[in-house]
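One chain comes next, on its own, written as structure tokens: the form predicted on its own.
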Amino acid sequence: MIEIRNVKKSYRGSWLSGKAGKEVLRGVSLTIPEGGCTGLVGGSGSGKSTLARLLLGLERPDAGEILIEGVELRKWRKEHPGKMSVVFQDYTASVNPRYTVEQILLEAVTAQTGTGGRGRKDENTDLTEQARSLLRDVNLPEHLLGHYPHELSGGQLQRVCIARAVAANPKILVLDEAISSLDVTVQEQVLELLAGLRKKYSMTYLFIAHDLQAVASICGDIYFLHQGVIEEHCACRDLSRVRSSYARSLLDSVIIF
């Protein structure tokens, strides 16, 4: 489904801000099979979120290429609008605080259809039913449709963001630290929810996180990204056999804990 070939990305420094230039990705290559869930693990500053932005088309790589179903990324996105979605870490910044839950859920749908939420009465009724169905998908009660983001818990709001992400029935879902802001018990619930949604909607996941335990619980294979380079790649069932010092250190910290 996804093939990333020798992708490089650097950011220029600025004498005004005093920041030096930085090479973030130094020739990253990875593949993600269709219908699978692939994990990308790395610490802060390893380049995980930069790679996510490149895959989402928010930025362009300096070198290398990204192919989706064998087609160049920008061309594929143009031919498949709405078929790649994302769930970010900061759920509060991911939604419009003035929107109700229903408006948040239907944002992707109306953008894809070009209706802007306006239509005949029967059409709006259908949209409301679609919003209810999306809430059911993420195990939230329908009465939350009229609530605003500040009236929801963090776990509820992140579930709303996940429901919005699958509203347009995407082929690919990028999860960029999507559970790291949630407490441990809610994380477990959301991971179980994500596993069910992937099967229901036949989606392909790129699950980006720094938590090796979370990644191993949902993914089929894992890439270890360290200082802009893929240090190692292995199937989750073979985690105990990792060889690189970085992957080993992550695994050892989990075992000790």
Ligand SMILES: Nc1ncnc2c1ncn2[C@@H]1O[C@H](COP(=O)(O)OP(=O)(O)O)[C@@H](O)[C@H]1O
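For clarity, every value in this text was computed on a predicted model and none was experimentally measured. For every residue, the number given is its place in the sequence shown, counted from 1.
Another form exists, predicted in complex with the ligand; not displayed. Remarks below refer to it.
Though the partner is left out of this view, G220 does not reach within 4.5 Å of the ligand in the model of the complex, counting heavy atoms only.
Contact annotation for R198: none of its heavy atoms lies within 4.5 Å of the ligand in the model of the complex. Proximity of R248 to the ligand in the model of the complex: non-hydrogen atoms within 4.5 Å are absent; the residue sits far from the partner.
The ligand is not drawn, but in the model of the complex it has no heavy atom within 4.5 Å of V242.
Contact with the ligand in the model of the complex, defined as a heavy atom within 4.5 Å, is made by none of N139, H143 and R164. Contact annotation: of the candidates G45, G57, P33, G27, the single residue with a non-hydrogen atom within 4.5 angstroms of the ligand in the model of the complex is G45. The stretch from 37 to 45, 187 to 195, 62 to 70, 212 to 220 that comes within 4.5 Å of the ligand in the model of the complex, counting heavy atoms only, is 37 to 45.
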